[in-house]
Ligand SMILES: Cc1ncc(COP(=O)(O)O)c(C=O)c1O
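Below you'll find only one chain, the form predicted alone, shown as structure tokens.
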Amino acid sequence: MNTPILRMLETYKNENPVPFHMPGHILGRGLINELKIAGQWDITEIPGSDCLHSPVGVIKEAQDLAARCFGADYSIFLVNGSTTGIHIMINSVVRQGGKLIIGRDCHKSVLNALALLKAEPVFVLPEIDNENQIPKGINPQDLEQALVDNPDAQGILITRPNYYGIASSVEDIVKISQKYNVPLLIDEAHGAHFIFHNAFPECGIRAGAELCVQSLHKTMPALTQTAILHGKNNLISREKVEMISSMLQTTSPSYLLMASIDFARDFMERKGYSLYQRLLENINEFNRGIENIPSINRVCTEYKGFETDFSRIVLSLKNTALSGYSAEEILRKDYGIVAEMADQFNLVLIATPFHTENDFKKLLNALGRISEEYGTGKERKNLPLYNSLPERVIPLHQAISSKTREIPINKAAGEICSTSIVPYPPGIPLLNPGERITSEITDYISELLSMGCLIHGINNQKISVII
């Protein structure tokens, strides 16, 4: 293995040191038994361990290996997930009070970063698959029109792939960013694995993005919170990105998390292609099996201008008596299978190379039984995805610092929202601070709640509005 951080930690542990340094559990001595092994590698900055904020040793070596693997000019390890990476990207590009063109399907962390900069989003609505009621992604022509209408925008940020595994074809978007000389930022949190098999969509940083953040923990063998920010030396200086990263990341980064990033990169670089080839074969077998299950089908639509992640399994429940939320609960409670997320008609499952053939057989068996019990064969009426831009009444940063009150959802039409209203997952805001609440939106929220959807920003059927 070529894992500099892991090698350093193993060497230090084998020396049997007597540490009079942080952390206080002293190489796991003070931890519960279940955590003692992990604690042996939980150290702080000591001679030989390097420093994430000014790496010159094993961390620098590990980051350089990651950059080479993913096709970046440089890479920065992140110990607080892609959220930190999104904040770093935006702070590297957007000025105080500036503008950023973003997809309306962005993660809520994008809006939080803009609010802290007193900057404003310029939203571009995603295209929608109306038949399956799922968002596809941003159309390049709509993105270019937003640039024409907002020549003072300092950058573009897109999310690819989305929670459903759909990725905008990035080539045309890169051409647009180069044509207008604005940096392209990509939230590729769900696409860290793309680089390891040619059946996946193109990796954003290799395709020409200026900055791209990936969550290793979402799809790769890495611990939760692990992510990497990749950069190119084009429109944004590396020194600026590294400075902002140092400002936003903890000064006590977890060596367990950094070692996990180091291992995941090395392991997948050596074995990723063959592992994903086996996964592709298992999923193809699953596809053949689900064709024999009435009332439940896998959504496998090919979209012009978009690519699809074969490892993201989207199951439609439209021909059953169940919502996606109800099906998720049945699958979890009755069969011990836990999906990643659900919406009104679909279940979304993340498959990785570490799922076995038996895992897919168990899933097929459970789906077959659910179909027998709840299948109707008749397609239910859609609750169309809400895909309109509410009126922005006051700036984002002003809205989050305004005085507020909570009122019932059914009395909120006409008011100004003071918080983000986010069906979660996937964490995409339905309303943002400073936007006008309409009766159409309140009806939609009420319908989602009645179906069992968890919506952040709604408290006991009440919504926070600006006084």
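If you're wondering where the values come from, they're calculated on a predicted model, not measured in any experiment. Residue indices: 1-based, along the sequence shown.
Quick note: we don't show the form predicted together with the ligand, though the next part is all about it.
*Which of these stretches, 192-200, 124-132, 345-353, 83-91, has heavy atoms within 4.5 Å of the ligand in the predicted complex?*
Only one stretch qualifies here: 83-91.
*Which residue, Lys318, His217, Lys136, Lys232, has a heavy atom that falls within 4.5 Å of the ligand in the predicted complex?*
It is His217 that has a heavy atom within 4.5 Å of the partner.
*Of these, Ser177, Ser75, Thr159, Ser260, which has a heavy atom no more than 4.5 Å from the ligand in the predicted complex?*
Only one listed residue qualifies here, and that residue is Thr159.
*Do Glu210 and the ligand share at least one heavy atom pair within 4.5 Å in the predicted complex?*
Answer no; every heavy atom of Glu210 is more than 4.5 Å from the ligand in the predicted complex.
*Given that the partner is absent here, does His107 sit within 4.5 Å of the ligand in the predicted complex, heavy atoms only?*
Residue-level check for His107: yes, a contact with the ligand.
_Exercise: Tyr325 in contact with the ligand in the predicted complex, heavy atom 4.5 Å_ = Tyr325: no, not in contact with the ligand in the predicted complex.
*asked:* Under a 4.5 Å heavy atom criterion, is Phe360 part of the interface with the ligand in the predicted complex?
replied: No, Phe360 is distant from the partner.
_With the partner left out here, which residues of 156-187 have a non-hydrogen atom within 4.5 Å of the ligand in the predicted complex?_
The stretch touches the partner through Thr159, Tyr163, Asp187.
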